[in-house]
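Next up: a single chain in structure tokens, the form predicted alone.
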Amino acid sequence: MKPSLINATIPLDQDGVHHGFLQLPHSRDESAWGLMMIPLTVIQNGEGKTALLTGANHGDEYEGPIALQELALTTRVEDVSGRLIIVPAFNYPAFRAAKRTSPIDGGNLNRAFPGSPDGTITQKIADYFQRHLLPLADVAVDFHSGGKSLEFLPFAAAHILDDKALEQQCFAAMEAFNAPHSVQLREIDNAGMYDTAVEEMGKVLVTTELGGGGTSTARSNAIAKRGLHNVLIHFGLLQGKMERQPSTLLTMPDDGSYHFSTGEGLIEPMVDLGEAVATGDVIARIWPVDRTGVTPAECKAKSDGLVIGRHFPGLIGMGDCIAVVGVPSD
């Protein structure tokens, strides 16, 4: 396979605190021989585990970039045992455009793995992580929230996996994160996901859904910062005591946790985030936008549980996710 065109401007394997960039040639109207400069920090102190820490895999999700910017600024080399590789804005073009996907090629980085060294911008970023950064890592923390289209009850998550030994390591890291809710997550489509690339290499992955609506809050940012430190302490990368708060464990027994719209219209939530539903309860109604006198369509819960995610904008299209229901787990 061809070598990657991405180069790090700082060492990835030397002790100290290093701030720099991942630079990728990017010829465009504004800069014919230009470079894309993706901010990068590496903090290393001796032997130990490596954590690969990423935010803005989707560019309109902000808790991760905020928590990682602060970590990069405030962490001293003597605080670390091992190595932190910090990329606050993983999908940098999307982050700068405040979009879920790249404005350059339309690529969804979280569906672009393993990528290609001679593909689109998004594929080149995925390829560099797949072949150069992920092999260095023992654990990956990839921050997500709902972006502009979804809103979530703040939770940390790890995936339900066929590899049960790895699954238990991921669940333990998720519990160490200690978000208000912890979700054993089942994806409806994991093809090309960064998460899948991490897990197929046998690495521990912790991910999150910490809010949404294309913004962050003081609460969601605090959850991100506290959880990040807890995970790094859990793996021995930082010293200190974990901050523990009560956390509710939820699971997804099957794809019935996801509820989708079969039409378009004006969405009326009937249940708020964090509220309990029983099977058959109406989660939302969808009103027509082009006429009056028509009964709204109803979206009913397919299982008992808590509403942990919902559609955020006031209008909804056919096939959009209306809500996600998590089932309390013992």
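Each form is matched to the other, and the largest set of C-alpha atoms that superpose within 1.5 Å is called the rigid core. It should be emphasised that the depicted structure is a prediction, and the values quoted were computed from it without experimental measurement. Numbers follow the displayed sequence, beginning with 1.
Although not depicted, the form predicted in complex with another copy of the chain is the subject of the following passage.
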Quick one: in the predicted bound form, does every one of S81, G202 and L249 get a heavy atom within 4.5 Å of another copy of the chain? no
Okay, which stretch from 160-168, 226-234, 70-78, 125-133 lines another copy of the chain in the predicted bound form, with non-hydrogen atoms inside 4.5 Å? 70-78
Would V139 count as a contact of another copy of the chain in the predicted bound form, using a 4.5 angstroms cut-off between non-hydrogen atoms? no
Contact label in the predicted bound form: A98 to another copy of the chain, heavy atom within 4.5 Å: yes
Any non-hydrogen atom of Q239 within 4.5 angstroms of another copy of the chain in the predicted bound form: no
Indicate whether another copy of the chain has at least one heavy atom within 4.5 Å of a heavy atom of K300 in the predicted bound form. no
So which bits of 34-69 sit within 4.5 Å of another copy of the chain in the predicted bound form, heavy atoms only? G34, L35, M37, P39, L40, T41, Y62, P65, I66, Q69
Just checking, between the shown form and the other one and with the core aligned, does M37 shift 2 Å or more at the CA? no
Is the shift of D290 between the shown form and the other one large enough to count as movement, that is, does its C-alpha move by 2 Å or more after the core is superposed? yes
